[in-house]
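Coming up is one lone chain in structure tokens, specifically the form predicted on its own.
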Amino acid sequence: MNRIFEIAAGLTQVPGVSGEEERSFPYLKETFGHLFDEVGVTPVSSFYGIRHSKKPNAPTILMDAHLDTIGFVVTECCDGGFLKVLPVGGTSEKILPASEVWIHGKETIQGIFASKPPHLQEPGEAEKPMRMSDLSIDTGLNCKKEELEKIIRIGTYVSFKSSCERMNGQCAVSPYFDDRICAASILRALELVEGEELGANIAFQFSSREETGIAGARTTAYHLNPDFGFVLDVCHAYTEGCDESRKCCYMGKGCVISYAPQTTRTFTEAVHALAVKEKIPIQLMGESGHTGTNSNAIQTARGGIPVCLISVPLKNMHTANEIVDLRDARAAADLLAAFLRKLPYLGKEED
């Protein structure tokens, strides 16, 4: 678990709001480039790598986790050092007041989401739904907007102030475990098979724009042209008070394998059987339609790609304090590594 945490901690320190993922590229190349024979980026800011097999005509296995995170974009600079913003990706206004953020202008500066204090609200105002227009970001600069515009312009991205910390037991917390914890699982799996002779080419993509669409996953999958692919993302862990249907996904009981129309059943069953054989802790989830992940984007790339969806349970999704159990992330890494070694879906599993 310590290594999973180390990787995740590094990944979550680098901002990458949807649409500005390229801020992460230098760190990824410097830290993990040695795991691949080639790395590259796409015109829509996905980051990818390929490790070639020595086997002739080897199939290609794709592993996807989206690199982008939720955040905000500046729409107006105001007098007093305040900014107006809009969300990039989905978040709830009610969790934002007093949240700390980084504003990535000509220089990166700190800010705090500000709203009208309860003491100053008019009667009945507290009962009204909060809107983004009710919120501002306070930079603390207390200057005219013309001075503020020398540092920050319209279109500047804003991210939650990031930290990645261990919690009680095996848990960890960060604003960006969606989906950097799954990126950590993929990288750990590649470390586990580093130096081993494998029967397939390994391609990975840290896809862009997932929080605002599927542009990154579909275009990068088209470029890499894999024979089949794993999609890794987070899912909602059961929290007290949630709907009973969420009781299929608990933190600390393993990664989650989905059966859904946007996944491939034969591929998924092979991965499921391998997890059971290798005694890797898993949970199962049935989904009736859209998975809310890149599974459909990759499944429908080119002429169609068989897909298996593996998820890490997470609490407090799309907030500044997302919580995961590191054992679940490790289970995902172990399952990917086991598959790469045995390739059961291709009929290559050893006795």
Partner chain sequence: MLNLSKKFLQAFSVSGAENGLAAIIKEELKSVADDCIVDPMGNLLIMRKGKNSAKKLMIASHMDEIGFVVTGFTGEGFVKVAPIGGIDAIASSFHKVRFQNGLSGVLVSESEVKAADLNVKKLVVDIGAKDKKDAEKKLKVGDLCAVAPMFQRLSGSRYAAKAFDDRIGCVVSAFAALHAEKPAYDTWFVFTVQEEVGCRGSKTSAFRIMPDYGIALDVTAADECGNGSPVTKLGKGAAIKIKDRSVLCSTAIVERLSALAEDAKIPYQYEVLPYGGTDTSSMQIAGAGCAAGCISIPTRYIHSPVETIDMKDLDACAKLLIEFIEKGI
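Positions refer to the first chain, counted from 1. In this text, all values refer to a predicted model and were calculated from it rather than measured experimentally.
Unshown form predicted in complex with the partner chain; subsequent notes refer to it.
Across the proposed site, 44, 154 and 219 without exception bring a heavy atom within 4.5 Å of the partner chain in the model of the complex.
Using a 4.5 angstroms limit between non-hydrogen atoms, residue 223 touches the partner chain in the model of the complex. Contact check for residue 281: no non-hydrogen atom falls within 4.5 Å of the partner chain in the model of the complex. Contact annotation: residue 19 falls within 4.5 Å of the partner chain in the model of the complex, judged by heavy atom distances.
Among heavy atoms of residue 88, some come within 4.5 Å of the partner chain in the model of the complex. Heavy atoms within 4.5 Å of the partner chain in the model of the complex belong, among the stretches 260 to 268, 273 to 281, 186 to 194, 154 to 162, to residues of 154 to 162.
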